[in-house]
Ligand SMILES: Nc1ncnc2c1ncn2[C@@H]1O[C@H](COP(=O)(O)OP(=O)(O)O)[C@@H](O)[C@H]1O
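Single chain ahead, written as structure tokens, the form predicted on its own.
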Amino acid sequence: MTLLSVNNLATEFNTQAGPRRAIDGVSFSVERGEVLGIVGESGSGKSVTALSIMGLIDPQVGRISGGSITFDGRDLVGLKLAELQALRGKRISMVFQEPLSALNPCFTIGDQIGEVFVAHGDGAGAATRARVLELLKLVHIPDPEGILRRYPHEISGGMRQRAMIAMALAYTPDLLIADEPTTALDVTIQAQVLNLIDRLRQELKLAVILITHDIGIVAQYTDRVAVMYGGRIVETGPAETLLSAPRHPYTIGLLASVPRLGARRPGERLQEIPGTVPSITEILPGCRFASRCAHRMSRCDEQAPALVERAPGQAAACWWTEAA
């Protein structure tokens, strides 16, 4: 059953050159209980997509300019701030990629998690403190009583991320958005955080949007994948199918650039995708990946390809794939 449906979403920001779209015609859905991975390079639009869903685009600098975001049958675009605040933290929650920036340095961990309950009208006091302790135990934080009284800078990055997850799970939301949840963590702690999210997803029956640039994370933890580039989704499909038989040149390039033990001769360079992600200030009428693509055709510069099913459940937006 579909929980979230994003249809033709467009989000634009004000620039010196005028309004420019950072998200352009993005569509995808999330079923109850599934994990959707959104993968792509920095600047591809992953985080802006998440912020758009949460209604956190600063109206001073940007806006949702088109499309719909339907959550459990209700369109979130155009809701009043009070209506969005009633949903945030209760039915839709987000784990941000930089917990040290997301957490307030002036308040203890316990106070900040407890604020979620206060914001939704449950108040402070002994009952809220007990609920915060239960949340810290749920995310396997050692010495929860001690962590409760500490400030963000007094605990490790892994503990801060666990505290962020505890905060996001305060009301057992239907949808959890995890935006690069392992940024700046060492490999061991990364695995612990991801395993924690996966365990909680199964125990609490959450739907999860897992945003990452790491193909290995996508392969291990997601059911379906949406590959983003230049503010658009260029390929989508079941994780196993998409990663074993990619259809879009960008996805093929991402997979080829992943280091593999014994796959290269000593001294041989890793494969790379030449060039960089285009700036949102660039107006490109065709495929935004064209300038970096080895299969570029004249049509690629003139007309943006639509996302078309190429195999059961797998779709790609590419003129070369269509012609092949």
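So that there is no doubt, residue numbering starts at 1 and follows the sequence shown. Keep in mind that what you see is a predicted model, and the values were worked out from it rather than measured.
The form predicted together with this ligand is left out here; the points below concern that form.
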- Can you say which of 65-73, 291-299, 251-259, 44-52 gets within 4.5 Å of this ligand in the predicted bound form, counting heavy atoms only? 44-52
- Report whether the minimum heavy atom distance between residue 61 and this ligand in the predicted bound form is within 4.5 Å. yes
- Proximity of residue 280 to this ligand in the predicted bound form, heavy atoms at 4.5 Å: yes
- Query: Even though this ligand is not shown here, does residue 9 get within 4.5 Å of it in the predicted bound form, heavy atoms only?
  - Reply: no
- Message: With the partner left out here, check for me: in the predicted bound form, does some heavy atom of residue 22 sit within 4.5 Å of this ligand?
- Response: yes
